[in-house]
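What follows is one chain in structure tokens, specifically the form predicted on its own.
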């Protein structure tokens, strides 16, 4: 199935009648996922957004419940509204990141009800990359920049560059495509030849090797440039750490959660002042180990999706792809075996 590129706004307009549609929109010279409106400038092709679309499902600040103390006290949960959403045009790396968050928030005998509600209400249209950025290395992490297997609908530019080709892969996807009758036609060959320019040499068993490198000298070297700003965690599509805090107004208040960062010094600080990760070395080691080893041990896949955002935005020029290569090639010492 396919539709003309020139019909994109009409497609989004049709979908917006029943859904809140989040699309890659350029505003103030920055491309990010925002609710679509006819006045917005949608940019499907080109490079990926710097800010990932994960906050559509996992907001950076979210009220959980409000309360009142005293004889007339109460606790009232603030549950996500019934809003059918479409994430339209997310890249394969971001689709994979949502797959990872699904594992965290919906499996292992725990379901995060706030995330689950938004996820159930969401239909995801993935879009194959037409261009890879200089820091994109998803292929080296086992992904395909042209395909997102778990998306509800997969969309690519056609081979002749004139159309967008659609493939519905789930019931949600089929329901969405039906709403576009009259705008889409049969046929269409997808162009799937985008390659990452950054290719890294990654050991196949890197997760197991890193598990033996907790005290390796590599951590002292890689940490030298880090300034502990947390930028890497806030642009990462797979970081899901959050803090829970309160806002009190006399006898009333609310509990909310907000994104947090394992790169901050107070992230693991205990009530008595002790901190099991007192320096940047321990904090960066934990971040890289989580992405490349711990998550694999628990869920069976690497948490780094190779989107390159942390490499692009780190003010100290730390590069996780460079670390992966160095760790893959590193010799294990006696203390590591």
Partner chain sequence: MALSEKDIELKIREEAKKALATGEVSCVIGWTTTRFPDKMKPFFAETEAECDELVWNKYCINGTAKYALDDRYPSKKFAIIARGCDSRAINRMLKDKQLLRENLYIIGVVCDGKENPICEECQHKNPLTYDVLIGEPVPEQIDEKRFAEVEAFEKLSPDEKYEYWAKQYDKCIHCYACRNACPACNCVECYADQYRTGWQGKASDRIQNQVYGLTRAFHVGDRCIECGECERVCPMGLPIMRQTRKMLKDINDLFGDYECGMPDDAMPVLGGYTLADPDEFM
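Positions refer to the first chain, counted from 1. In this text, all values refer to a predicted model and were calculated from it rather than measured experimentally.
What comes next is about the form predicted together with its partner chain, which does not appear here.
- The contact residue chosen from 188, 80, 253, 230 relative to its partner chain in the model of the complex is 230, the criterion being a non-hydrogen atom within 4.5 angstroms.
- When its partner chain is considered in the model of the complex, only one residue from 167, 260, 147, 102 comes within 4.5 Å through any heavy atom, namely 260.
- Using a 4.5 angstroms threshold between heavy atoms, residue 57 stays clear of its partner chain in the model of the complex.
- Using a 4.5 Å cutoff between non-hydrogen atoms, residue 316 counts as a contact of its partner chain in the model of the complex.
- Contact annotation: residue 30 falls within 4.5 Å of its partner chain in the model of the complex, judged by heavy atom distances.
- Not displayed here, its partner chain is approached by residue 266 to within 4.5 Å at the level of heavy atoms in the model of the complex.
- Only one segment in the set 270-278, 39-47, 298-306, 66-74 has any non-hydrogen atom within 4.5 angstroms of its partner chain in the model of the complex, and it is 270-278.
- Contact here is defined as any heavy atom lying within 4.5 Å of its partner chain in the model of the complex, and by that definition not a single one of 17, 86 and 176 is a contact residue.
- Scanning 217-243 for heavy atoms within 4.5 Å of its partner chain in the model of the complex gives 221, 224, 225, 226, 227, 228, 229, 230, 231, 234, 235, 243 in sequence order.
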